[in-house]
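Only one chain is included here, represented as C-alpha cells and corresponding to the form predicted on its own.
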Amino acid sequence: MNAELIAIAVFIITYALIIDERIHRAVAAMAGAAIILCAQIVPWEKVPEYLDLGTIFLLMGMMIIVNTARKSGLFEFIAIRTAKRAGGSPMRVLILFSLVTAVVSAFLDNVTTVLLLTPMLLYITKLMKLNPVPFLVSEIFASNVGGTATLIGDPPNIMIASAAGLTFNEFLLNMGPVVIVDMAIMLVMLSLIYGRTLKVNPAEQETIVRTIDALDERAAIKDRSLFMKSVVTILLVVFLFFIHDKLGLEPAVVALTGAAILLLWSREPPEEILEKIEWPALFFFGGLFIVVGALVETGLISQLASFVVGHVDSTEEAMFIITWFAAFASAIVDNIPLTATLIPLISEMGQTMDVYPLWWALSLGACLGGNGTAIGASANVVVIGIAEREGISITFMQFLKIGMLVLVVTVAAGLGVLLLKYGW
C-alpha cells in the first residue's frame, strides 16, 4: 500500500473515530499519528514542522492563567455583578449575560468561559424562578460568536493565526466588526424568540430584584490578593496581545509569559494548577496535526487545492464556498479537525490567488458553524452536559430548530461584512 492510500485511510478512520466519540478524540488522534510515524509517511525530523507548537503553547499558557484566576472567585464576581446590572428583568439578564459571555470568550477560550459562567447562570435563573433553557442556549450562541472576534477566542482562530502568521490586531480589526454585527442580530433574534416567555408581572419582578440584590459579589471573592493579581496579569496579557507584533513576540510567548508571571507572583502550588490543564485537548491537537501533515507530505492537499482553484473564478467565490462549507461542516463535526484540514488547502491556493480574505472566511465559518447543532462546538457539549447534571434537558432537535436559524443568519451577515471589505 502506497503512502497516499495510507495517509487517506488513517485520516478517514481518525475522523470517523472523532465523530463517533466512543473512543476519546485525543486517543484517536494519537493512534492516527502513531501509525503515520511508524509508516514513516511523515519523517521524524519533519515532526516539528507539522506539530504546531504555537497553537499548543498558546492554549497551555491561557489554561494556566484561567485555572489560577478561577481559584480567586473572579468569574463568580463578574456573574453576580452582571445579574445586578440587569435590575430583575429576565430579558435584560439574558442580554447582559450574553454580552458578558461574548466579551469573556473573546479573551479566554470559550469552553473555559462557559465552564465558569454556566453554574452561576443556573443559580441566578433558579433564584428568579425562570426556565433556564433560553439563557443556556443564548450563552452557547454568545460564546461561539464572541470567540470569533480574536486570535485567542476559539481554537480554530489560534490555528489559523499560527499557520498564516496573523496578528492579534489583524484578527480584531477583521473579525471584530463581524462579531459586533452578528451579536446585535443574534440578540434581536433571541428577543423575538424568547421575549414573550420571559415576561414577569411587576410583583414577581420586585421579588426577583430583592433576591438578586441580596447576593454579595464581594463574598464570591475567595482570595482577594489572588483576585487582584489575576486581574492585573490578565490585563497585562491582553495588552501584550495588542502589541505582540511590534515587540516581535509570538502570541504563545505572551501566554506562557503571563502564566509564568501569575504563578511566580501568586505562589499558588503549580502541581494543582498544572493538573487542571486540559492535557487531552493538547495531545488531541498534536496528534491531529501529524495526521493532517501526512496529507500535506504526500501531496494530496496540493492536488486538492489545484482542483479547487481550477473550478473557482474569483476570490469572492472562494470566500463564499469556504465560509459555507466550513459553517455547515462545523455544525456536524468538530471544527478543530475541520480547520486543521482546510488550513493547508488554503495555503496551497496562495500560489494562484490572494488567500488573505480566505483566512477570515474560514474563521467565520468554522467558529459560527458550531451554533448549528448541539454537538457543533465543544462549548455546546459542555453547557448541555452541565444542564443535564442539574436535571435540565436540552434535546438535539430543540437546539437544532434555533441553532440552524442562528447559524444561517449570522454567517450570512458576517460573510456580507467580509465581502463588503474584500469583495464587492
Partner chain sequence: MGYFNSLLQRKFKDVAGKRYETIARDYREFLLTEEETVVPEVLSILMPLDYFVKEIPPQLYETLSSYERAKVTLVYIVDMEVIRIVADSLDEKAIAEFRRKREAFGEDLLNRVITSLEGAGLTVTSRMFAGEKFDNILELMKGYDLIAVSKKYGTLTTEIAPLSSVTLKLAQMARVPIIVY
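Positions refer to the first chain, counted from 1. Computed from a predicted structure; not experimentally measured.
Not pictured, yet referred to below: the form predicted in complex with its partner chain.
(request) Would you check whether its partner chain, in the predicted complex, lies within 4.5 angstroms of a non-hydrogen atom from each of Met120, Lys126 and Lys222? (result) Checked in the predicted complex: all three residues contact its partner chain.
(request) Would you check, heavy atoms only and a 4.5 Å threshold, whether Thr395 touches its partner chain in the predicted complex? (result) Close contact exists here: in the predicted complex, Thr395 approaches its partner chain to within 4.5 Å, heavy atoms only.
(message) Just checking whether Val382 would be counted as a contact of its partner chain in the predicted complex - the rule being heavy atoms within 4.5 angstroms.
(response) It does: once its partner chain is placed as it appears in the predicted complex, Val382 has a heavy atom within 4.5 Å of it.
(message) Can you tell me whether Glu278 touches its partner chain? I mean in the predicted complex, with a 4.5 angstroms heavy atom cut-off.
(response) Glu278 belongs to the contact set for its partner chain.
(message) in the predicted complex, does Val411 come within 4.5 Å of its partner chain, counting heavy atoms only?
(response) No.
(message) To verify the annotation, which of these, Ile375, Ala39, Ala31, Leu53, has a non-hydrogen atom within 4.5 Å of its partner chain in the predicted complex?
(response) The residue from Ile375, Ala39, Ala31, Leu53 that makes the contact is Ile375.
(request) Could you spot which one of Leu295, Ala252, Val93, Val111 gets a heavy atom to within 4.5 Å of its partner chain in the predicted complex? (result) Residue within 4.5 Å of the partner: Val111.
(message) Using a 4.5 Å heavy atom cut-off, which of 74-82, 178-186, 158-166, 296-304 contacts its partner chain in the predicted complex?
(response) Of the stretches listed, the one contacting the partner is 74-82.
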